[in-house]
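A single chain, nothing else alongside it, follows as structure tokens in the form predicted alone.
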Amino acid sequence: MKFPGSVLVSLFLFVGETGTALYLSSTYRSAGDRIWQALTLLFALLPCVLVQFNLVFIHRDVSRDRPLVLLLHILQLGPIVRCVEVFYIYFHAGRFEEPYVSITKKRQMPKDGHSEEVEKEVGQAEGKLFTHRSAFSRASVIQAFLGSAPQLTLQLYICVLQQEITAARGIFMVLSLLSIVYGALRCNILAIKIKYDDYDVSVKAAAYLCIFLWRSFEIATRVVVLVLFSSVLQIWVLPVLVWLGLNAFLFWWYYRVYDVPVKYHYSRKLLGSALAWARAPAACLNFNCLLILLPVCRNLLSFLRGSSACCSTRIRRQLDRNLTFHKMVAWMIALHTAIHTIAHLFNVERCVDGRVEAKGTIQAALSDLGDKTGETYLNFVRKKIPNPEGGLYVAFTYLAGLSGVIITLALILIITSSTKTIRRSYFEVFWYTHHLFVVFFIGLVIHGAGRIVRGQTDESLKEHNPHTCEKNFTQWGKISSCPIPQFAGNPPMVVNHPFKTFELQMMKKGFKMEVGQYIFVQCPTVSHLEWHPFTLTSAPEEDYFSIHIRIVGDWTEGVFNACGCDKQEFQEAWKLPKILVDGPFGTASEDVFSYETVMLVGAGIGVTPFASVLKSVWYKYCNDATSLRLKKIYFYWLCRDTHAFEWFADLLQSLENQMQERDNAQFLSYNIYLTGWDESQATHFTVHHDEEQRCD
């Protein structure tokens, strides 16, 4: 039976290193070096605790009901108890007959060109010793890499700083180096056993000594180089490395945010890879613009110098490098600005080309979204002006383009006037151009207000899968599996209807509604005090809510003008007024779904609740017609003249056509009664009605 020397070596290194660490920590406490004391104790106790867990786990002491052994492990005396147990087994082995146990490997190893299972018969004592050796081998690896390696680095670093090697510290470093080398060798042997599925790896003493010396010199050299590099490394380099790491992480993270998720699939189809290349530096720009002013806040620096009593003078002296860090952040802003601007030049070109591109391509189909009522646009360019005029129009008429030009010019003036030549020769130029940072930050705040980058909404993704519907873009809205995609981030949409009626469509953000409810609306541009009720005309199933407003007074006319309904050109989001909403209120008209036949009667503009009801009925019918109890709707509308119902005609016509496509034209029957006809209108209708009858 082999002598358990490995167990003895592991115990010697464990006890020696732990005891020396405790002694050194007491000397650091006496000298007032609390940081060195805390780190020394941490690197000593952490592996010590893990070693106890390792021994308990391998020997399964929890399930074997051995409370005394568990108590000794809690007192961190587990390795000593295990070593005593090992030598007790070793010296008492062979004195009496003991049963044999089989150790069988499930893997097969090649032997003479054949494969066979390996099985070894050993005595019970030898089997127990095998388990103990395995446990102590793993304990040596834990001790080496989680305790000895950081301890050796720490103590060597302290020696370099204090320019002194005490006897205790020298002994401790030697023990740590031996523990690291021994743990590395045990780790290599364990790897060999796992790879070749062998019980034992025999290494001659001379070979073992050569490997031990080689690993000792290798590990000692690496640790010395690391410590010497750390000792000459300036403290300010660490925060700079952290700052660079955060920039790299933000760039990588936001590049993947816009390059991978399916919600931006159509945005990537329209803009290409330039989308991610524009958004990733934008995130880095926001981060660096947050930091750019901190190094030049003199009151903040004075406060940090005076209140950092817990830090050494050397650390506080690094605050004097504030201007250096300020310049580094500025150059980082310039770099990301260049990437962001170049990427958006490609984006604008593709958006303008997509808007004027001939029909038949997916870029043209995506660019045309938003031209019809109920659609949300993806391409923020709405005018069909070819390049280069279209690109210039976007740059100088859209909020994102105009603010981008302004802040880029301000940044160029700030950076060019900050060069050493101009700063020394024309200091006032440097001083005044640097105050353009006010313009820069104002432009930065409003630059993203237009929200030109849009992703598909979650509700739309459930119904419209871009990967399957991309090939059928000509059938969007015509087949049930590929409805028209909806995109988030769209501003309130204003739709003009005939007879001085306009519609406000607003995206839902935590807004929940039912059919037949109403809201109160305020437009601060028109009045800060007036709140007016309007019935919701959208269905709960839609991803926006809408109201129809008819111009009958000064407030509604003011909202009409503020929304730009009196203008022909497309209104950008930042030009639209702010709309405040309170609600929804009122009782939901869900009773309509409880009957097989219903009659809806409305008069004038009071028909608006039935717009929501009819839309909701249609959505429920399309989703699951079999579970819908409602089978027939009679709709009656009384209005003054023909112009009053023109805005509602599209909805009725759409519902009628869709019901005919589903062979259920009798589902909706509507009758419109005009109460304000004059004689000429009645005569004109009668003549044309009689002509239609004769043609039939």
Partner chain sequence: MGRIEWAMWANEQALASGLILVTGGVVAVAAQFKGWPFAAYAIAAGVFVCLLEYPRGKRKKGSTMERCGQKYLTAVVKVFGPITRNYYVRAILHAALAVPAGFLLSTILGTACLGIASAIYLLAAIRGEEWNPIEQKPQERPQVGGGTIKQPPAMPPPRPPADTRKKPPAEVAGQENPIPVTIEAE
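Nothing here was measured: the structure is a model prediction, and the numbers come from that model. Residue numbers count along the first chain shown, from 1.
Although not depicted, the form predicted together with its partner chain is the subject of the following passage.
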### Task
Using heavy atoms only and a 4.5 Å cut-off, determine which of Phe427, Tyr595, Tyr619, Phe249 is in contact with its partner chain in the predicted bound form.
Phe427
### Summary
Checking Ser417, Ser137, Ser216, Thr535 against its partner chain in the predicted bound form, the residue with a non-hydrogen atom inside 4.5 angstroms turns out to be Ser417
#### Entry: Answer range among 345-353, 276-284, 467-475, 156-164 for contact with its partner chain, defined in the predicted bound form as heavy atoms within 4.5 Å
345-353
### Query
Closest heavy atom of Ile422 to its partner chain in the predicted bound form, within 4.5 Å or not?
yes
### Query
Hey, in the predicted bound form, is Thr501 touching its partner chain, heavy atoms inside 4.5 Å?
no
### Task
State yes or no: in the predicted bound form, is some non-hydrogen atom of Asp543 no more than 4.5 angstroms from a non-hydrogen atom of its partner chain?
no
### Message
My question is simply whether Ile412 lines the interface with its partner chain in the predicted bound form - judged by any non-hydrogen atom within 4.5 Å.
### Response
yes
### Task
Just give me the residues of 377-392, first to last, that have a heavy atom within 4.5 Å of its partner chain in the predicted bound form.
Asn387, Pro388, Gly391, Leu392
